[in-house]
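A single chain comes next, written as structure tokens; it is the form predicted on its own.
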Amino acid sequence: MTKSADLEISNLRIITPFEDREYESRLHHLEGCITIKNDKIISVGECQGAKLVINGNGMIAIPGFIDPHTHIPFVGERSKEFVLRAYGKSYVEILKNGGGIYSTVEKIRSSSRKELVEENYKYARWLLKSGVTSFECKSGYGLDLENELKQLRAIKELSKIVSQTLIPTFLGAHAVPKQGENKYLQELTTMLKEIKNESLSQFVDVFCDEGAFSVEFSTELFKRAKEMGFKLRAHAEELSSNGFAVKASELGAVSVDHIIKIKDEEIPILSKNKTTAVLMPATSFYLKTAYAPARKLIDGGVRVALGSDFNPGSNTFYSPFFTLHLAVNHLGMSPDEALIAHTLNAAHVLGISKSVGTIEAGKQADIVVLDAPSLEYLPYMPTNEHIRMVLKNGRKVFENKDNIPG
């Protein structure tokens, strides 16, 4: 028995997604050890021995959660808007009156890059304590070259000081600025060139919906971005049905996100094009709106991922456990489907599934150890207090010191 490994966690119940040859995701349930050397998993199940062995005491190990849709980095808060919505004002009404995204734009423009990094380090820690080991970050609160680049550069700086893997996305087309769509399209084209030159993002996103950008504008933006080699993602069909989810899918979008209003006849097109649907049930809960048709999407052959949509205006929930609860209780997903959606399927969206999203030999040791009796218990009792330990790249980055495995 070799002692060359760095760390071994024994006596675990391991629950991990895997993909068969047909790329259908399922869960494996194993018992035994996870053995780690450097930042990689070298063995799952059979105990190999290591320099340091931790007894998992029969706890559950799952892959680190992956959040494929957040609006980090942002500054400020919009609690007054929350109260307005609680008393009947709609998201679109607030947006049209200069609130919503526009109020956060003002705060971003008056903040330094250093302030952005410092404020969002806090949010990254919140996510880490919730078991999130990789997450997406979006720009989109700048709406001009200077401030969109400021956000993306802040993400790059933040990635150097946080424990997690950060994946940046350019969302310059988040809200229509004062100059209108036509002039802004030319500005966005300039931004895309700068972002490409600095390698600040591989992804381009657009908010195409009621009160945001038109289908025609969004389609043209995607065509230009695709020609430059960017991967495409889309906020689509959240507030209204306009057909853009299908257009984005036909253009090769990696994902279409929200899609609460998608039509039944459009679902087979997403399946055919292998476009992932990223669903954020916490936003529906927060805004008191309908939930996405997860059951129809899954049964129709569409890969579904789950994310938080964590942002200062339309959803301030970020815990994956709450998202799992909503996915099972309101979207009709099974606990198995929900866990896969928030790990492996989310990794596919961000282009990191070859290194994270499962617990298997050769992958990074991004692992969450949970004190819970079963997988079903996680959505039933949706609290971060289940977490006893979070590992990132084989290194312990968070632990609940009140209940550390012996």
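Computed from a prediction, not measured in an experiment: that's the story for all the values here. Numbering starts at 1 and follows the sequence shown.
Separately, the form predicted together with ligand NIG exists; it is not shown, and the next lines address it.
Annotation: in the predicted complex, residues His174, Glu238 and His258 each come within 4.5 Å of ligand NIG through at least one heavy atom. Although the partner is absent here, His342 sits far enough away that none of its heavy atoms falls within 4.5 Å of ligand NIG in the predicted complex. For Glu136, no non-hydrogen atom is located within 4.5 Å of ligand NIG in the predicted complex, even though that partner is not displayed. Using a 4.5 Å cutoff between non-hydrogen atoms, Pro312 counts as a contact of ligand NIG in the predicted complex. Using a 4.5 Å cutoff between non-hydrogen atoms, Phe207 counts as a contact of ligand NIG in the predicted complex.
Listed residues Lys150, Arg78, Arg303, Lys247 were compared with ligand NIG in the predicted complex; Arg78 is the one with a heavy atom within 4.5 Å. Among the residues Leu127, Ala282, Ile101, Ile195, the one placing a heavy atom within 4.5 Å of ligand NIG in the predicted complex is Ile101. Contact with ligand NIG in the predicted complex, judged as any non-hydrogen atom within 4.5 angstroms, is confined among 370-378, 64-72, 351-359, 333-341 to 64-72. Using a 4.5 Å cut-off on any heavy atom, the one residue of 140-164 that reaches ligand NIG in the predicted complex is Tyr141.
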